[in-house]
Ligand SMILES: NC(=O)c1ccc[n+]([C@@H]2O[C@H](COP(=O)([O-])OP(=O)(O)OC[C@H]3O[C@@H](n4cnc5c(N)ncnc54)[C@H](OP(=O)(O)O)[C@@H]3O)[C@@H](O)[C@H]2O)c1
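Shown next as structure tokens: one chain only, the form predicted on its own.
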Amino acid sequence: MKRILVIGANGFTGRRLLSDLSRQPAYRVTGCSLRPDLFPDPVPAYHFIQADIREEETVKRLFEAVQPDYVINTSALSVPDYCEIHREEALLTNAIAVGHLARMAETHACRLIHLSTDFVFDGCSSTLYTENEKPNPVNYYGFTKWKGEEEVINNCHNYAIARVAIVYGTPYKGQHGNIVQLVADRLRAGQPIRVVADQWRTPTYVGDVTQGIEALMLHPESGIYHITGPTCLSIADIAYRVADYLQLSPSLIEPITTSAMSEATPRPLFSGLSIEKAKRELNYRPCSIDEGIKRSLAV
């Protein structure tokens, strides 16, 4: 039985991985988060440890207790505006703590899978970014995630970096929303919603992250892999797809430009990721955006 340690197990993506993997009899899964288990299963098939991975000694004790074969790090400070203001905390969480995990993964000879982001790129491309292109982030969040990738590469030989983008799906009660759920809630309530029409992404259904991560666990190579959805579209297009699925009027959706949004922190305008490498090497087959929205919103 393989032992899996999921870091960030209270987060949206981390919780889905914890839930999906712990239901497989071949795995013994331990979840870990800064806070206690916020969404305990009635009969949990996993263990849970509260720990702060920003503390190196805590990480050492965590690895010694779990003795993992695989470590999946989903933890991050991921709100760009917050990271821009709280730079020391962002760097500690998104980069320095990742270095702690990478060194312990090397010491314990286990495979580290670290989740990163499309925001490591500047958005100046007109074509989908591949794994070979050099990061050039436009905000501090993207910078810290890039530094986290470097911590993995420089300190661990057996690793995979999985870049994801706009992960969506059905959240647990009390979890922060995602673009699909947010738009659906606003439209169902008859409330208008403003969405940018000139920022392009490759949104990722959360169930496909599990598919990609599990493939990376078993993959013999180390490297960077893009694990996203198959379609690049604007944020406004995502909102219109939600309205279409719910058969609600799209008139409440107000598409605006990035400049009109007046966001405090810059975002890349285009950060679509190519998944050709993952399809070729991992047989990764994500669902379409329409199927992902259906799975997310089906009652």
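Values in this document were obtained by computation on a predicted structure and should not be read as measured data. Residue numbers run from 1 along the displayed sequence.
Note that the form predicted together with this ligand isn't included here; everything after this is about it.
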This ligand in the model of the complex reached by all of G212, H219 and R285, non-hydrogen atom within 4.5 Å: no
Per-stretch contact check against this ligand in the model of the complex, the hit in 229-237, 45-53, 261-269, 248-256 (non-hydrogen atom, 4.5 angstroms): 45-53
is_contact(V183, this ligand) in the model of the complex, heavy atom dist at most 4.5 Å: no
Any non-hydrogen atom of L34 within 4.5 angstroms of this ligand in the model of the complex: yes
Proximity of Y141 to this ligand in the model of the complex, heavy atoms at 4.5 Å: yes
Proximity of G292 to this ligand in the model of the complex, heavy atoms at 4.5 Å: no
Listed residue (A197, I166, L128, I224) with a non-hydrogen atom within 4.5 angstroms of this ligand in the model of the complex: I166
Single option in A76, M104, V71, A160 placed near this ligand in the model of the complex, where near means a heavy atom within 4.5 Å: A76
Contacts with this ligand in the model of the complex, stretch 105-122 (heavy atom within 4.5 Å): L115, S116, T117, D118
